[in-house]
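Given next, in structure tokens, is a single chain: the form predicted alone.
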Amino acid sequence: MRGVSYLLAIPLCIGLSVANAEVLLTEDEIAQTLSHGPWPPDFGVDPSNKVSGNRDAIKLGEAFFADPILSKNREMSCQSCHDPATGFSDALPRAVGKKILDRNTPSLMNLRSHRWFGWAGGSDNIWAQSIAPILHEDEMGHDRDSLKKAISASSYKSAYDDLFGPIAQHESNEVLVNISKALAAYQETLVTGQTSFDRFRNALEAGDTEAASEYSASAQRGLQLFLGRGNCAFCHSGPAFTNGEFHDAGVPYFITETRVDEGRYGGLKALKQSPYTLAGEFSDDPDKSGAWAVNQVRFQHSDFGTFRVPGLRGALHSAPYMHNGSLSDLAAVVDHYDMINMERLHVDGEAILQPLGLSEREKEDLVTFLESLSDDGS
């Protein structure tokens, strides 16, 4: 029954005392909770990337990730913005390259759970997403020829040749793609571990009341709000706590008073113009099995100013939040949705969002739940 808390009934082993072990969730809430796992899933290898899962590629990608050789002026690396100490983000509201950029640096954790990449979804695969910052004039600033020259003259040449064949025989664009695929092989390994939420969820699935009761009452109440009145799970669904799509969360998309961030609308323009999609010649998948998404997606007016729903696993470590980094911590995120400005939302946008009117304890409970998605020791 919905709305009724009860003591979870399971067969008990003789001598096991669980008289005070209480699970607050209803049967329907338990069913919804089970849909957020198990974690981590078996992602397998990426068929579009011939070096996905290759140990040598992972090693080379990790080295590239930390080396400023991927920036033309040798002043920044991927790790400069995607710092492991801050959830592979940078703890800044907006990323800083050669100048302050337009968006917050997204975390690189759990990328294999995504279908679209970047805040606006300008790429449909991990390796293509790595290409953009390498070439962007305000970020790493290479062109294809300068990148090939830099790698050819570096200590990485031998490892590159072993993985992909002689770099001297490759066109500059192929070198760019291969380097990005090595980076992607490494980034695929960045997966958050199991958390107290997962232990709770798995205990529920196993019918283990005693283990499930170790999850705090506050976190359980927060989970109930997340699943119920808050309707957070509508967008933050599945094991990665994201539906992978694009929504208007009531965050302004003005970058300055005269300049706007087009969000998904601009991302679709980039996607449709890109030669590096799952439908393109650089995908190593002979069946082009992921091409259906980029081939079928269409522009819509409502895409303007919408942004990709981030996964919530590990979110505690990657503040600040939203595409523009405007919310400083999880409490600010809860406050934002609690008092959301309905006039700010698209007319044809997110009818599911309504001010919640949470009490202070309910806000604390919701934050406690969100924190339980990040307590894996990372």
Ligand code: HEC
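Heads up: residue numbers just count along the shown sequence, starting at 1. Please read all numbers here as calculations on a predicted model, not as lab measurements.
Only in words, not in the display: the form predicted together with heme C (HEC), which the text now covers.
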Which of 210-218, 164-172, 271-279, 117-125 lines the interface with heme C (HEC) in the predicted bound form (heavy atom within 4.5 Å): 117-125
Among 151, 177, 294, 108, just one has a heavy atom within 4.5 Å of heme C (HEC) in the predicted bound form, namely 108
Only hit among 288, 103, 72, 144 for heavy atom within 4.5 Å of heme C (HEC) in the predicted bound form is 103
Report yes if all three of 63, 200 and 317 come within 4.5 Å of heme C (HEC) in the predicted bound form by some heavy atom, otherwise no. no
Under a 4.5 Å heavy atom criterion, is residue 307 part of the interface with heme C (HEC) in the predicted bound form? yes
Could you confirm whether residue 34 comes within 4.5 Å of heme C (HEC) in the predicted bound form, counting heavy atoms only? no
Considering non-hydrogen atoms and a 4.5 Å limit, does heme C (HEC) approach residue 39 in the predicted bound form? no
Is residue 45 close to heme C (HEC) in the predicted bound form, meaning a heavy atom pair under 4.5 Å apart or at it? no
Does anything in 65-85 come within 4.5 Å of heme C (HEC) in the predicted bound form by heavy atoms, and if so which residues, in order? 65, 70, 76, 77, 78, 81, 82
